[in-house]
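In structure tokens, the next block holds one chain alone, the form predicted on its own.
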């Protein structure tokens, strides 16, 4: 999955020459053979390199605080979303839902690399949710729908249907 994500990120960033990737280990950790030095290893390391190569530093955050928040969510992607168990799903979605309550993007009011990689990482979870489950995580669903329609992001992933109107209410008539 990580190789497709990196390929999609390259397209989004407008990088003309696609890179050659390989994987290492049982977890298929991506590796980029770099012409100018040693290979780069890991999704976040390579993604940050691609952003810098594309001269798009704003995607890593535009202040010290936003850069730290972006880095925090990139770590969340690798530590929580790339190795979750079925029991972790509700906790992950509940935590993200609470965090996104007053935010448009992962790092506040600006689209960053964190949005891209969290979107790619959470896509398999959202695909498997029933409509009623999506309604439980309204902030995650809102953010997810916004990101999946962000220009150039959803290259390799199918769109997920998200209803805007609640069709189930908690009150019985």
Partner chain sequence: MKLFVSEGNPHCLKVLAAVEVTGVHCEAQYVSHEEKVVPFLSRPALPALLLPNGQHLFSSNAICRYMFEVSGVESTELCNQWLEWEATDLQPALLQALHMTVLQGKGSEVSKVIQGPLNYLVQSLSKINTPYLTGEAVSVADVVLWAALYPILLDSGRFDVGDLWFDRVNGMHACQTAAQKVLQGKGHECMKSYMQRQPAPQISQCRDMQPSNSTPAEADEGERLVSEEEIEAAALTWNKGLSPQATERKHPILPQEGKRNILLTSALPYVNNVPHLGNIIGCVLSADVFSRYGRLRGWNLLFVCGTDEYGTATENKAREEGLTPQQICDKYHAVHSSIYKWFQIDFDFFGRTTTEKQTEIAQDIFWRLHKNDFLVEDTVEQLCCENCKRFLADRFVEGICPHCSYPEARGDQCDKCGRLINAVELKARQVMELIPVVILLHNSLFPFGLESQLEQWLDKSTSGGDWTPNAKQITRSWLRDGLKPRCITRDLHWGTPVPHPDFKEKVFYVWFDAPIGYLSITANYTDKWEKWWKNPQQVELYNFMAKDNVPFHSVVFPCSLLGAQDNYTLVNHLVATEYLNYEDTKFSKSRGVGVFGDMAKDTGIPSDVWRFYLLYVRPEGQDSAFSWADMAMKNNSELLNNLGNFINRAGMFVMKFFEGCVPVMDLQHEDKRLLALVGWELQQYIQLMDKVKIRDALKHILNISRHGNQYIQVNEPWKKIKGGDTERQRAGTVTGVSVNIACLLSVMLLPYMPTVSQTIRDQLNAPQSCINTMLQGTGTFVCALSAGHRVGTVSPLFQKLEADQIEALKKKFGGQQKTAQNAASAQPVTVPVPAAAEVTTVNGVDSEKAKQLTQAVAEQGDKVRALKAQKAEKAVITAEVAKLLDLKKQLAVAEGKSPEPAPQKSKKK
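Residue numbers count along the first chain shown, from 1. Note that the structure is a prediction, hence the values are computed from the model and not measured.
What comes next is about the form predicted together with the partner chain, which does not appear here.
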item	value
Residues 79, 91 and 107 all lining the partner chain in the predicted bound form, heavy atom within 4.5 Å	yes
Position in contact with the partner chain when the complex is considered in the predicted bound form, options 69, 147, 122, 54, heavy atoms within 4.5 Å	69
Of 118, 59, 140, 43, the one that lies within 4.5 Å of the partner chain in the predicted bound form (heavy atoms)	43
Residues within stretch 6-31 having a non-hydrogen atom within 4.5 Å of the partner chain in the predicted bound form	27, 29
